[in-house]
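Below you'll find only one chain, the form predicted alone, shown as structure tokens.
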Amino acid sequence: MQVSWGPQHPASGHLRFILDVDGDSVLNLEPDVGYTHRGIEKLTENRTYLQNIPVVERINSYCDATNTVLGYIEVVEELLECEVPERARFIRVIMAEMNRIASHLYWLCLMSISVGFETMLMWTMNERELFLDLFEMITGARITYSALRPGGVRYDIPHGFEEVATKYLNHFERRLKDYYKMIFENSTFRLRTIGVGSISSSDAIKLGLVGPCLRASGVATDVRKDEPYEVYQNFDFNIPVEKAGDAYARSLIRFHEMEESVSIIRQALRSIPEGPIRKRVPLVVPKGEAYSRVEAARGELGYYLVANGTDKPYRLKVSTPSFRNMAALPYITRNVTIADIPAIYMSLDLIPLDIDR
């Protein structure tokens, strides 16, 4: 029989799965998207490059606002041939890695709930609040910041930020050890995720997967290492890679990525230079085409911009990681039980807003 299954969330919106099932076995899964489509790419054509910052940010605002905007800012700066002040680049990296941690904590909350661990909901949300406090210190906002702009950043790091951030990072590193014991050493979680929703490295590449989903299948790639942007080349950090390609491996990758993000933030805070945080840039972008990509929390996020010499984009195309990773769903849900669907879906860390734009 055919079953309509709709993962729903009051913030991220609706996504429907059409399941062909035989008893408790899933024979086929077809994602039905479009319920949260807002026409963001078209909206950017009617707004200036500066006005588009909060618009683009809403592609994935409540999870990964900084990395989402960073790719857009970089593609505009490429056409402007803009040299961003060094201090601004450090601030961008600090904010990007804090958002990566906040996003992974939100994912860990949902992943834990999907397999019955409600305790982790409270743990992860408590630690996530600490990073939102840090964002509030810099920008005055906790979820959507519009803090990046062509030519630099809007806000400098305030006095006392480094001390507060170091205190929070020390606490968070201690809590990560508790997370590992609670989740990754738990026999129930391992039973629900190991060997579930597996995808090989060759299939992951053919399907075009990105980010943690690709690295969990044994492919060691990360834009921050492959094509360093901002000041990532200044930092020493590892790219976590697993080989199993199952729901457990995808979960473990994101856990270790939080550890690496803590390391990057510490290095950035120690070595951030003095100087200006932005420079003046023209309001009109020269005619031309450019492409930029960044490593967002869910993987490679690409922007293709066509400019026609005005203060508004002629065309902006966005390649989002959730849309690309969704391609794995029909392949890794065949011949699994219905009870495995939530764990597989959450292990991919798909966001309907990110898929539909």
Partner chain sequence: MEVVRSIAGIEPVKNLISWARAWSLWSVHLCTGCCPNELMAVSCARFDWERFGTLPFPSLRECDLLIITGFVTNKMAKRVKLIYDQMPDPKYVMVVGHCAISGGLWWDSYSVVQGVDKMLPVDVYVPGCPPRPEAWIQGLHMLQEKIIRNKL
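Numbering follows the first chain given and starts at 1. The shown structure was predicted, so the numbers you read here are calculated from the model rather than taken from an experiment.
From this point on, the text means the form predicted in complex with its partner chain, which you will not see here.
| Pick from Lys317, Arg293, Lys312, Arg58: which has a non-hydrogen atom within 4.5 Å of its partner chain in the predicted complex? | Selected residue: Arg58.
| query | Taking its partner chain in the predicted complex as the reference, which of Ser271, Asn170, Ser200, Asn126 has a non-hydrogen atom within 4.5 Å? | reply | None of the others qualify; the residue that does is Asn126.
| query | Can you check whether Arg142 is within 4.5 Å of its partner chain in the predicted complex, heavy atom basis? | reply | Yes, contact at 4.5 Å.
| said: Although the partner isn't part of this model, could you tell me whether Asp178 comes within 4.5 Å of its partner chain in the predicted complex, counting any heavy atom of the residue? | reply: The answer is no: Asp178 has no heavy atom within 4.5 Å of its partner chain.
| message | I'd like to know whether Tyr106 contacts its partner chain in the predicted complex, with contact meaning heavy atoms within 4.5 angstroms. | response | So Tyr106 counts as contacting its partner chain.
| Even though its partner chain is not shown here, does Met122 get within 4.5 Å of it in the predicted complex, heavy atoms only? | Flag for Met122 set to yes.
| task | With its partner chain left out here, work out from 238-246, 78-86, 217-225, 130-138 which stretch has heavy atoms within 4.5 Å of it in the predicted complex. | result | This holds for exactly one stretch, 130-138.
| field | Residues Ile40, Leu43 and Leu110 all lining its partner chain in the predicted complex, heavy atom within 4.5 Å | value | Spot residues vs its partner chain: full contact, yes.
| task | Could you run down 14-40 and flag each residue that has a heavy atom within 4.5 Å of its partner chain in the predicted complex? | result | Those in contact are His14, Arg16, Asp32, Val33, Gly34, Tyr35, Thr36, His37, Arg38, Gly39, Ile40.
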